[in-house]
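Have a look below at one chain only, the form predicted alone, in structure tokens format.
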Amino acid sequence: MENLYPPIVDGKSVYDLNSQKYLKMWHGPQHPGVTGNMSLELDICGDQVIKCNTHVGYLHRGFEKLMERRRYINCFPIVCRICVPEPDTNEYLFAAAMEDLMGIEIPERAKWLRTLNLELSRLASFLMWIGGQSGAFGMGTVAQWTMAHRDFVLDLFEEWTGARIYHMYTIPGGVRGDLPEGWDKRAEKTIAAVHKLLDEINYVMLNNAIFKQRAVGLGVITPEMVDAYGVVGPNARCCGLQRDIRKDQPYLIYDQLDFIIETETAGDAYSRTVVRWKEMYQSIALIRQILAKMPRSGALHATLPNVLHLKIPKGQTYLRAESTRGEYGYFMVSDGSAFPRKVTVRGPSYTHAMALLEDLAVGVNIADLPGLMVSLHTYPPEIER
């Protein structure tokens, strides 16, 4: 039988796109997750990818345009949907952009509660992600564990905000309410269980020979690629760069918390997994610090006019925060009316799941393509915003 695999020169596969010895196939769209919310047009040679083109447009979209037709307060149910597993970053940035344009300073206790909200949301998002990463390599047990523990975190959100997924807790001027009585103790019980789970994940997943064989060396990101591709977050920290907006440009009360920037050096899918696994421990530590240091009394909300008739002074601003995927930014323009003139969302998924993925996919076995996609930790609604 004629060999369809490409020749190897200097340790690298050499592909001839003018040859007819390759096939075209489609990966997706199907649900769930990043591996199914978008479609990849692949050229394959044998079982190796030789070319990858991303196609989007299969998901709910048009968030930015929808916001131009709604009053500011009516945009909060929209921004939540831009990142379903981690909606609170969008809530915070939209509210913070409004406050910046209005020149409003929120109360101190509201800053602590917003930070607690963001870190708990980060933990829930990472639990979903690490389950997806394990599942992409056929390790369904870890995925079951992490989704169950994420549900326990969502129980805390439900008790605190009244909602499990879309919390709409952060609002212009502060937050919507205080912590329920006894919530701290229940939160400690939940995060202690997650902490124990992370220890088990280290044994079952990170030290698993099959996982290492498939993840080590997969989709290597070098320091030189970071700025060229707009790589941020754990995808940048996995190749040794110490970049974290919580440290580089502190917001809320992050400058009052003690934590380090977690990094690895290999830049591959395994390193990205390890960085995020470490950052889950980090979020647990930050939640405990916040609950220990947070003021127990004080205002939760600044005084504002009726938000249904709120008009923001003319101007423009850009605010950013560190999401689980890296820099998340909101550019907001006001023309002085009750409606946003323009809102542009800088979601990390746009660069990670399109330009970066298209190049990293070349040479990858099609069986490892889902693992590569999940290792970049992207959420397609950020692309189709």
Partner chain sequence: MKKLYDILSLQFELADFESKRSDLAFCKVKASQAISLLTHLRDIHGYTHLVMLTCVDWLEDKQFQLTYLLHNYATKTDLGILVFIDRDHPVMDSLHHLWKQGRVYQRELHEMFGIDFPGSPGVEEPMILEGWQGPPPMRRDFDTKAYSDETYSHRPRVQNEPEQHMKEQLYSED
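Since the structure is predicted, the reported quantities are computational estimates derived from the model, not experimental observations. Positions refer to the first chain, counted from 1.
There is also a form predicted together with its partner chain; it is not shown, and the following applies to it.
> State the residue from 274, 101, 284, 187 whose non-hydrogen atoms include one within 4.5 Å of its partner chain in the predicted complex.
Checking each option against its partner chain in the predicted complex, the one that comes within 4.5 Å is 101.
> Out of 289, 256, 249, 141, which one falls within 4.5 Å of its partner chain in the predicted complex, going by heavy atoms?
The option sitting close enough to the partner is 249.
> Give a yes or no for residue 351: in the predicted complex, does one of its heavy atoms lie within 4.5 Å of a heavy atom belonging to its partner chain?
Residue 351: yes, in contact with its partner chain in the predicted complex.
> Against its partner chain in the predicted complex, would residue 319 count as a contact residue? Criterion: heavy atoms within 4.5 Å.
Close contact exists here: in the predicted complex, residue 319 approaches its partner chain to within 4.5 Å, heavy atoms only.
> Although its partner chain is absent from this view, report whether residue 243 comes within 4.5 Å of it in the predicted complex, heavy atoms only.
Residue 243: contacts its partner chain in the predicted complex.
> Quick one: does residue 227 come within 4.5 Å of its partner chain in the predicted complex, counting heavy atoms only?
It does: once its partner chain is placed as it appears in the predicted complex, residue 227 has a heavy atom within 4.5 Å of it.
> In sequence order, which positions of 318 to 352 have a non-hydrogen atom within 4.5 Å of its partner chain in the predicted complex?
The stretch 318 to 352, when checked against its partner chain in the predicted complex, contributes 318, 319, 320, 327, 331, 333, 335, 340, 341, 342, 344, 346, 350, 351 at the 4.5 Å heavy-atom cut-off.
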